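Listed next as C-alpha cells is one chain, alone, in the form predicted on its own.
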C-alpha cells in the first residue's frame, strides 16, 4: 500500500515549479501533446485520496484541500505549455479502496477544466495493490463508464482506456458519446500494428496506404488472393 502523506514535502514550491519546467522542456523537444500522470498511486493521486493523504494542513483534510497540490501542479504545467497545444491529465476515477470516487473525480475535472486542461484520461485504481489494479471483474471496456461519467458530469472531453481491443470496439465507444478519444496500451504490446489494423477493419485504408511502403505495396497485392471475407482486413490464419 502507498505510504500515507502525513508530513511536509521539502521544497514544495520547487516541486510545483519543476512541473512547469518539465513542460517547457517537452515543448522545446517538439512534443505536440503533454499529459500529467496523476493516477495509479503517483504523487498527485496520493494527495487526492483520503486513504493516503492524512495531512492536517492546507493540503489535506477535505476534498478541496486534497485537490490543492494536484491543481497547483496542473496549473504550472498549463502556464508553461503553449496555449495552442493540448494538455491531458490521467486520473484514477476511483482509487480502488473506497476513499475517492467518481463524484470526486467529476469535481476535480471541473477544476481542471477551469485551469485550461483539455482532456481527462480516465483510468482507475492503483492506490493499493498493483499499480493499475482495480478490484472489480474486468470485461471489455470496463473503464469506459468512468470516462462517460466524467465527460458528462464535468463537460470536458475524456479519453477511455481499459480492455479496448480492436477498431470496431473503439469506434463504438466514440459513436456512443461515452468518450472523445481512445487510448491503447497493453493491446499495442500484443499488436504493434494496432492503428493500421483498426483502419483496415473500419474501411479507412483499403489500399494499405497507411502502412510503410515496404509493407503496404505487397499487402495490397496480396488481398487479391485472399478469400473475400478476409480480404478487407488482410488477415490470414
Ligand SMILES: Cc1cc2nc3c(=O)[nH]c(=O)nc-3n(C[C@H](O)[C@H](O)[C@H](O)COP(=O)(O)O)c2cc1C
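Numbering follows the first chain given and starts at 1. What you see is a predicted model; the values in this text were computed from it and never measured.
There is another form of the same protein, the form predicted together with this ligand; it is not shown, and what comes next is about it.
Legend entry - Proximity of residue 93 to this ligand in the predicted bound form, heavy atoms at 4.5 Å: Output for residue 93 is no: heavy atoms all beyond 4.5 Å of this ligand.
Legend entry - Partner proximity in the predicted bound form: residue 163 to this ligand, non-hydrogen atom cutoff 4.5 Å: Although this ligand is absent here, residue 163 would touch it in the predicted bound form, with heavy atoms inside 4.5 Å.
Inset, instruction - Report whether the minimum heavy atom distance between residue 54 and this ligand in the predicted bound form is within 4.5 Å. - result: Taking the distances in the predicted bound form, the answer for residue 54 is no, it never comes within 4.5 Å of this ligand.
Inset, instruction - Please check if residue 63 has a heavy atom lying within 4.5 Å of any heavy atom of this ligand in the predicted bound form. - result: Flag for residue 63 set to no.
Inset, instruction - Scan 209, 177, 168, 185 and let me know which has any heavy atom within 4.5 Å of this ligand in the predicted bound form. - result: Checking each option against this ligand in the predicted bound form, the one that comes within 4.5 Å is 185.
Legend entry - Heavy atom contact within 4.5 Å of this ligand in the predicted bound form, the stretch among 34-42, 169-177, 63-71, 201-209: Among the listed stretches, the partner-contacting one is 34-42.
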